[in-house]
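What follows is one chain in structure tokens, specifically the form predicted on its own.
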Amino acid sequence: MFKQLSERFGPWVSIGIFLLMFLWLVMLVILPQILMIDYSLRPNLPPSQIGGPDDQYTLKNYATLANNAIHQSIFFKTIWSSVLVTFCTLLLCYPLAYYLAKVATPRQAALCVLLLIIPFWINEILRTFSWFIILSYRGPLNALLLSLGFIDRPIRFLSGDGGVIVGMVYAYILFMIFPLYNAIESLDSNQIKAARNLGSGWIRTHYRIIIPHAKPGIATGCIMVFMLSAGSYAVPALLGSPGSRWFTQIIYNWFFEGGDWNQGAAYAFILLLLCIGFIVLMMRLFKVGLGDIAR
């Protein structure tokens, strides 16, 4: 990579780029994580006692999750809900990505991409709040269903996790569709034509040719959507009910309402470990490496 940059921009510019990347990685990624781990291993003490005999490394903050049944249930609900969001997003985006890559003309593909991107020019909170209006008890969706006679009374879409899942699928759809499109677009269309000429059906063609080729894109999209879903705060805060809290809301409460940064750091680090574990699982499941994901 350095050789390619040197040939294009010269050695000094390349060194400057690498130094900026190194500083960005150290200052904005590595050091904050080290500080978070340090906070998570220390007790929550008054300022006068910090550095004193009681300020010792401990795993008490991590044990809080193991001893709190409510927080455990929210943690595991966040996991399976994030997996469900990832799966729904994959099911929705795969046919669209295939259409954009192999079926649509360049003009049609450009129009579809533009229509997908335009809503994301708006802030995420505003887009999420629009779903709050759509799914509300007296919102346009209930009004439409009532007018068509599909329901007799309005449905409380926001009383459970359904609204949160719908909002997250919409919020993170681009993070799935573009890796899928990039992977499928690189497939030689002659392979698909050959399979069809040899009598392979569409399902078998996708299962044996297209999906194996698109594994890096599937893995990348699943990783990005899962991490964004598990770490989301705005969507569950706006579209969720008191009974559908997200683990990130617990972390927020520790930091900004409970004032216990040490406990919040422990919970945040547990969530980070969960996301790292999911990355490793996806890499093993789809048998791809970091180089394949980074393409």
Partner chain sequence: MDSSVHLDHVMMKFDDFVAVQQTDLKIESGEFFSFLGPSGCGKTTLLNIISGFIEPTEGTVHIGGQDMRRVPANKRPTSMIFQNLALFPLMTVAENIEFGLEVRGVRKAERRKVSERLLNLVALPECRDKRISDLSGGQKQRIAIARALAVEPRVLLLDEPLSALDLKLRQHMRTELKDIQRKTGITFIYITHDQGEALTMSDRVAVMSAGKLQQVADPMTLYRAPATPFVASFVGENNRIEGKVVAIDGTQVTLDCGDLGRLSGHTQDSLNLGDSALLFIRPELLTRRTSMSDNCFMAQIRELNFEGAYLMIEATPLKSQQRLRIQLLSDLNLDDVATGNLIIFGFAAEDAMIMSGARDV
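Quick caveat: nothing in here was measured; it's all calculated off a predicted structure. Positions refer to the first chain, counted from 1.
Keep in mind that the form predicted in complex with its partner chain is missing from the display, and what follows is about it.
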Its partner chain in the predicted complex: contacting segment from 220-228, 75-83, 193-201, 102-110, heavy atom within 4.5 Å: 193-201
message: Using a 4.5 Å heavy atom cut-off, which residue among I209, V166, L135, I173 comes into contact with its partner chain in the predicted complex?
response: I209
message: Is it the case that H213, even though its partner is missing from this view, gets within 4.5 Å of its partner chain in the predicted complex, heavy atoms only?
response: yes
